[in-house]
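Next up is one chain by itself, shown in structure tokens, the form predicted on its own.
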């Protein structure tokens, strides 16, 4: 049996590990076009801010890969032939497969602003991007950051940490408005301002100005010119569906898969950013761009590729991230609508977060510690925890497992309710009652 995995990220590597756990003799071919292979994409933010050396981004050693008995190819797959079970790889030529996994991830949406091809216009998609930003930051005194979501803040904070004066452009009146509420957004922007970041609300770039091929400034829609030596953008990502489309697989925003992560073609599976999976919370097929789900999807796909029929059950999306220095956990459904600073989904994001059903809101906290709960009829639907993370894991369990909160629902919805204490006490009691 020959297993071919296209993509050397977390989904691809998790699939290889799962395959090898079930089949010690089968051939596994792992194909990737990232020159650095497998590393932590979430760790790039900490590399950018000088908190993590690039060597620590690589969690797997050569010995780890040797034990998997992989045949690793650095190349680009240009064609899939589902009928003949073959792929075309540059520069290796034609390869046969018995089972194929698409774990090709996503790519940053490009700026269409005139001047976007100038030297000094950067994104944060992979390690090579991060290294280029670090190199440019040594000389650039000022930078403009354009976009929304987690990656935009990673760029703002990383450049600020390296001593670059940052101007942050937001088209609307606040940050990430389809996930955060007004107060949460205000807290984030205030922390950025305290760190010296210049926030430009209701600001849209219309031209990136250059001199001798290099960035020297940005002209805005309202006629201002901001001088800078670098422009960093994070306006969203798009799943890399081109191979699947050309092969005739069913696609929407991503590659559509069933509960076993099978595509519409026999013996072809998909996992990670590129896969559009069924979400039982919303009843829709959604995209995630989160490390945990990508790893779990890769593992599940790998097991199914070996014949170990395993259902992928998407749990409530969960991410612990850092926004303007504040540790923030986002769980389940917490927002809705569109954000004019993003095209589609961002990295570290989930479409489920923005598919909020009818819910009542309970919230408390101040500028450092803040808690917001989305409350359904019998269970919690979502939560945002900023600052103190004591309740992060309990809330994840309660939302993922659909814990019945009927007995405390009225208390949570009372004016000025101590919701953190109510949740903590209820979680303690619930665990005692359900201890096995």
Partner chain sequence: MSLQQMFRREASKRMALSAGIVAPDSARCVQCGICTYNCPIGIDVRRHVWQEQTVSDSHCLTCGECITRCPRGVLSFQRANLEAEAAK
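Positions refer to the first chain, counted from 1. These numbers were taken from a predicted model, which means no experiment stands behind them.
Below, we turn to the form predicted in complex with the partner chain, even though it does not appear here.
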{"item": "Contact residue in the predicted complex, from 249, 197, 320, 324 (heavy atom within 4.5 Å of the partner chain)", "value": "320"}
{"item": "Of 36, 60, 378, 69, the one that lies within 4.5 Å of the partner chain in the predicted complex (heavy atoms)", "value": "60"}
{"item": "Whether 76, 262 and 303 all lie within 4.5 angstroms of the partner chain in the predicted complex by heavy atom", "value": "no"}
{"item": "Answer range among 36-44, 22-30, 405-413, 370-378 for contact with the partner chain, defined in the predicted complex as heavy atoms within 4.5 Å", "value": "36-44"}
{"item": "The partner chain contact in the predicted complex: residue 312, any heavy atom under 4.5 Å", "value": "no"}
{"item": "is_contact(residue 174, the partner chain) in the predicted complex, heavy atom dist at most 4.5 Å", "value": "no"}
{"item": "Interface membership of residue 295, the partner chain in the predicted complex, 4.5 Å heavy atom rule", "value": "yes"}
{"item": "4.5 angstroms heavy atom contact with the partner chain in the predicted complex for residue 123", "value": "no"}
{"item": "Those residues of 391-415 which, in the predicted complex, come within 4.5 Å of the partner chain by heavy atom", "value": "392, 393, 396, 397"}
